[in-house]
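The form predicted alone is given below as one chain in structure tokens.
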Amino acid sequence: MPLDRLDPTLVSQVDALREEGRAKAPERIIEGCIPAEGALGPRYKMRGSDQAFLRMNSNSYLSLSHHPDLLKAADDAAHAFGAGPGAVRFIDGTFAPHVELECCISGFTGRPAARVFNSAYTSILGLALALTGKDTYWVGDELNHNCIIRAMRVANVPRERRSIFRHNDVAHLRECLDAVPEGIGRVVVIFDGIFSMRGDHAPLQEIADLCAGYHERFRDGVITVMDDSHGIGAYGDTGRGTEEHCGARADVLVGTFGKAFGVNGGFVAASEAVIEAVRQMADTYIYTNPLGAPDAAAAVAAVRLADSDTGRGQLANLRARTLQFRAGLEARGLESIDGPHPVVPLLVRDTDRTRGLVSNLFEQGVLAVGLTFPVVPRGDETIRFQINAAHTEADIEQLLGSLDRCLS
């Protein structure tokens, strides 16, 4: 057997993860969705349980995935173009919905151009490949998402051409920029818009102002790149995310259709020159299939809904339910991290207690996720609650009641 020696080694490695408390639990399987009824929002059926669950761990912030406009758009595109693309985009895998989606998201984000990928993760990887040259220097926030960390490795950025600044610490970012060595022609400052484990946001205005002061020092300037996958669509007065909330802009914006928009896929939005460079040099765009036309068409419908009275109504309820939950935590003296975003962390600061609370919530019909090391630093163990627009006032009261029982 060719795997007879490898398998035992891998089993030992996974066992070591379990002993360290770092192994992932088995995936729970959702088998159905129960539509909203009366005062309650949707509930979910899980394999192996007769309960109906309140889902507090979904990225679908605007609750659009079941909207009839999205379902119709996907169905129409599937019948017109088929379920899958059949080729990469350079080999006649580009369909009309891909182009329409790129026009739609560039308009929504206020950029001249955009390029769609099959995920935000591959968007960041591809962008890094396109922006990295022999004299490029990268500076990133210490709590950046795994995709940004991986992107620098995929782009072969050596240690001497990258640095890390303390989380949201603009003074430390200044020190990093001061320390950029001679001979660098391009500096990329990259950070998350919303830090998904915490629900806090980058100080975008301060970062942009600081970077502008260093722009003339380098041949290609200092380029700010923000991955606002959790922010775009989910907050800001009209759902434009961290840029709208902060009143500032990044030079290059990366985002996803797989969270607030409720579909799938990712994008890079920037100048026409940057987007053409991405099209020509991003391996994760060139060598892998794009979204299927049904996903792209559904994403078009989602962006249009988000930019309509319907979307703004969803956003208003999302904001109200987020404030309701945050007020409930504060009234109970529970520790969280302030912010306007619907990611609301409950800081537990203990691994075993975090896991116990998540298990107790599950027994009471609440789906939530516990975050422990290495996903978060030791001492920052957290239960992350994610408010969605389909949640009702009664849902949040149920959640707070469940927490009361778990913590009593």
Ligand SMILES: Cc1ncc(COP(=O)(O)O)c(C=O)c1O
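Residues carry their position along the shown sequence, with the first being 1. Given the structure is predicted, the values throughout are model-derived calculations rather than measurements.
The same protein has a further form, the form predicted in complex with the named molecule, not shown here; the description that follows concerns it.
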{"property": "Site test, 121, 196 and 259 vs the named molecule in the model of the complex, non-hydrogen atom cutoff 4.5 Å", "result": "yes"}
{"property": "The single option of 147, 176, 223, 337 touching the named molecule in the model of the complex, heavy atom within 4.5 Å", "result": "147"}
{"property": "The unique member of 140, 241, 311, 265 whose heavy atoms fall within 4.5 Å of the named molecule in the model of the complex", "result": "265"}
{"property": "Partner-facing stretch of 215-223, 315-323, 77-85, 251-259, counted where any non-hydrogen atom is within 4.5 angstroms of the named molecule in the model of the complex", "result": "251-259"}
{"property": "Residues in 223-244 close to the named molecule in the model of the complex, defined by a heavy atom within 4.5 Å, in order", "result": "227, 229, 230"}
